[in-house]
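Only one chain is included here, represented as structure tokens and corresponding to the form predicted alone.
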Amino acid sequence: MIYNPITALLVFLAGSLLCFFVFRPKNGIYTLLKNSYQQKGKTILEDVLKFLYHNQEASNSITTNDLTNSLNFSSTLIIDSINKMMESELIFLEKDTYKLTAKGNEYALQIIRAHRLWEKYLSEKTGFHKEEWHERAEKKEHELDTSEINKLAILLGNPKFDPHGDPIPTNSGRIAKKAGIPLSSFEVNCIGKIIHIEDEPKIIYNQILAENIHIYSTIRVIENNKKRVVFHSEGEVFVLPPIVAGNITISVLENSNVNEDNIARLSSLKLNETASIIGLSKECRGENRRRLLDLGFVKNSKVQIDLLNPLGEPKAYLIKGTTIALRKEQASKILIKNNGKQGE
């Protein structure tokens, strides 16, 4: 065999390059694969802790089968994670039921804190639609460390509740208890305020979103039976199946302190009608809220429809001498008092 030094040199260089790309400290293939595996293990561990926390709060007993059937990971990875958590004294087994230790409970609350703070951030500081908040927070909660979570809380002004009305745990692990009752249990003719909209399961949450129901809005129940729950809110009537209404929590209000008869949404205004702005719904947050205020949609301002779009939306509204085009979703977050037809 004839030895060719050039060929040997090329083989050596190719091998060196391969080793460099595989084993370089920060971005090498080996390092990336190792970090990916570790991150996946961390995600599984934290998802198990969060799942156990929520079920423990609901007084549900959770077995190994419950975990493997409910979480979107292989049974092998989940069981491996369970063993590691037991070794780390994050969970323990009591009569075939997994429970959190004090250490595990504290860890679970930090994950929930990260999730709910990130949802608050998405609602206040970005333009992402609320359909995306939960899924994005599900991913981000595993990436934030304690320092980053605390900085995020300070940036947001240390909020007590996320955009769905869920309490945000404090840095020390304190969490407010949910008050109120399910809308499905609310009595006819009672008046209340929506204080929480559950975002799981997704299929039910999407039904609530499709109805354009706003958190912190005042409601009056006008029908409640086994087939449907009907309520009046912000000048509109909503009809929900009881299973969907059960995911909305209501705080009871005293009738003497509530006057919601003259409140409507700007989206309900008709051509040739005039209205006075009452304010913006609390559903309108962050940059979107500031934009509407800057455009003149402030309390006591007069507003009317200036132009109708043949396709339905956006509609053009005349306010303070300026024509502003708004989609129905935007107009529904502006609360008005309808003054009737012009000239009446």
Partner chain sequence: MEKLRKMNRKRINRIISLSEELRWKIGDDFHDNLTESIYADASKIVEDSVTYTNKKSRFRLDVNIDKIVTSKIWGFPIMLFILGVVLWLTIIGANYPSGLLSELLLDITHPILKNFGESVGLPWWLNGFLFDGVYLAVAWVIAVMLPPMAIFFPLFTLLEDFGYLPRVAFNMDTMFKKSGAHGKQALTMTMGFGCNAAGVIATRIIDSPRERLIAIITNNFSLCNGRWPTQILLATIFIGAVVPESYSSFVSLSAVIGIAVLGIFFMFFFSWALSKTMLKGEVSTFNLELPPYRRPVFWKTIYTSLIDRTLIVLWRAIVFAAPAGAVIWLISNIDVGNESIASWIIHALDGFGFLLGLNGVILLAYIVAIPANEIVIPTILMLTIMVTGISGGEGAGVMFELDSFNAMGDILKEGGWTLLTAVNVMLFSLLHNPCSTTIYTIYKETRSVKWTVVASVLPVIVGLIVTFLVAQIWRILL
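Numbering follows the first chain given and starts at 1. C-alpha atoms forming the largest set that superposes within 1.5 Å between two forms make up the rigid core. Keep in mind that what you see is a predicted model, and the values were worked out from it rather than measured.
A second form of this protein, the form predicted together with the partner chain, is not displayed here; the remarks below concern that form.
Self-check item: Heavy atom of each of R220, H232 and G340 within 4.5 Å of the partner chain in the predicted complex
Solution: The answer is no; none of R220, H232 and G340 reaches the partner chain.
Q.
If the cut-off is 4.5 angstroms on heavy atoms, which of these, K151, K227, K160, K202, is the one near the partner chain in the predicted complex?
A. The residue from K151, K227, K160, K202 that makes the contact is K160.
Closest heavy atom of E57 to the partner chain in the predicted complex, within 4.5 Å or not? Judged by the heavy-atom cut-off of 4.5 Å, E57 is well away from the partner chain in the predicted complex.
At 4.5 Å between heavy atoms, is R289 in contact with the partner chain in the predicted complex? Yes - in the predicted complex, heavy atoms of R289 and the partner chain come within 4.5 Å of each other.
Using the partner position in the predicted complex, report whether K178 sits within 4.5 Å of the partner chain, counting heavy atoms only. Contact with the partner chain, no.
Practice item. State yes or no: in the predicted complex, is some non-hydrogen atom of N309 no more than 4.5 angstroms from a non-hydrogen atom of the partner chain? Key: Within the cut-off, so yes.
What are the residues of 305-340, in order along the chain, with a heavy atom within 4.5 Å of the partner chain in the predicted complex? D306, L307, L308, N309, P310, L311, E313, P314, K315, A316, L318, K320, G321, T322, T323, I324, A325, L326, R327, E329, Q330, in sequence order.
**Message:** So that I can tell if S301 moves, could you say whether its C-alpha shifts by at least 2 Å between the shown form and the other one after the core superposition?
**Reply:** Yes, S301 moves 2 Å or more.
If you line up the core, does A58 shift 2 angstroms or more at its C-alpha between the shown form and the other one? Shift at A58: below 2 Å after core fit.
Taking 2 Å as the cut-off, check whether the CA of N225 shifts that much or more between the shown form and the other one after a rigid core fit.
No, the C-alpha moves less than 2 Å.
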